[in-house]
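Only one chain is given next, in structure tokens, and it is the form predicted alone.
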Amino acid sequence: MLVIEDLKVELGDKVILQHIDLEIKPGETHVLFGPNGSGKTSLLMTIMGYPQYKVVEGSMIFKGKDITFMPINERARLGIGMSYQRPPTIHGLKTRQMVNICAGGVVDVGGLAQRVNFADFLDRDVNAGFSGGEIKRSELLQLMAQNPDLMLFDEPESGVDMENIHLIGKTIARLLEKDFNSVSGEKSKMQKKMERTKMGLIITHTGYILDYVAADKGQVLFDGRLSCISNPREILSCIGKSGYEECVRCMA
């Protein structure tokens, strides 16, 4: 599991996160809401281990190991992966090569790519000229190859049309071992036979992802602090009716 205790993070000379307490158990998916600039992406980048996000207090424990100051590559090997909202274009590196790197060896890249309708893009440079939906599918393809235990998704619906949202939502549900039908309370035969172990933390503004992924808990990050824990759809409804600040005050 992931356990974060009393985390305080600085970026440059500014405190951007403080008193962050978060626990994600095996099989759980959490959804993170919050206004722009509240620190949501910063939290994901801190969990992933980007060095510019400096932990000055608190700790992060993943699968029983202290990862608070562990470098990115070691966290990835331990089983943490991330899908970025705005990943960079990498000229000179083909998507096929990137997927093989993520897999840590030889993998059926073509077979994986077909699952996200991405076979035609494998021999193009990573993200070069990709649309919003194509970038998201490329990110998911890389996660599929890595197959991490904890997956961090930074606004998977951002810049994506409705057709791509459907594919992306179903793929994320599959990655997190949550069948598409589980949103309506049904379980697939496979789910009945296995216990979920994959963990997820998803940033969303629109809440569209909740139509595809049966999230266990929702939380609001407001002004650098995690403010409440509740049913994700209840939080989304409260935000829609009253805004973030009133939602945080009401659910505190």
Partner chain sequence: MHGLGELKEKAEKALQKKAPFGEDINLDQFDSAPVLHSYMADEDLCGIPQEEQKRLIMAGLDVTKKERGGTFFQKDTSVIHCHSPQEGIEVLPVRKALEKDWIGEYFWKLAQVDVDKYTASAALDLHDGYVIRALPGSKSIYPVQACLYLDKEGLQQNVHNLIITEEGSELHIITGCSTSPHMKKGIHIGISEFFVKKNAKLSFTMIHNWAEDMHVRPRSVARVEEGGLFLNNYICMKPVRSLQMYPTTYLEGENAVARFYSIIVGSPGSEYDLGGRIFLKKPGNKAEIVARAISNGGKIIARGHLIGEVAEIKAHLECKGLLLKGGLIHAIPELEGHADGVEMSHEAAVGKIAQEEISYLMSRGLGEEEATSTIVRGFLNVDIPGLPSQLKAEIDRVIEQSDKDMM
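Numbering follows the first chain given and starts at 1. Model, not experiment: these values are computed from the prediction.
Although not depicted, the form predicted in complex with its partner chain is the subject of the following passage.
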*Heavy atom within 4.5 Å of its partner chain in the predicted complex: which of Gly92, Gly110, Gly129, Gly159?*
Gly92
*asked:* Given that its partner chain is not shown alongside this chain, does Tyr50 nevertheless sit within 4.5 Å of it in the predicted complex, heavy atom to heavy atom?
replied: yes
*Is Gly133 a contact residue for its partner chain in the predicted complex, using a 4.5 Å heavy atom cut-off?*
no
*asked:* Although the partner isn't part of this model, could you tell me whether Ile172 comes within 4.5 Å of its partner chain in the predicted complex, counting any heavy atom of the residue?
replied: no
*asked:* So, Leu150 and its partner chain: in the predicted complex, are they within 4.5 Å at any heavy atom pair?
replied: no
*Please name which of the stretches 204 to 212, 35 to 43, 223 to 231, 65 to 73 has residues with heavy atoms lying within 4.5 Å of its partner chain in the predicted complex.*
65 to 73
*Scan 117 to 143 and write down, in order along the chain, each residue with a heavy atom lying within 4.5 Å of its partner chain in the predicted complex.*
Val126, Asn127, Glu139, Gln142, Leu143
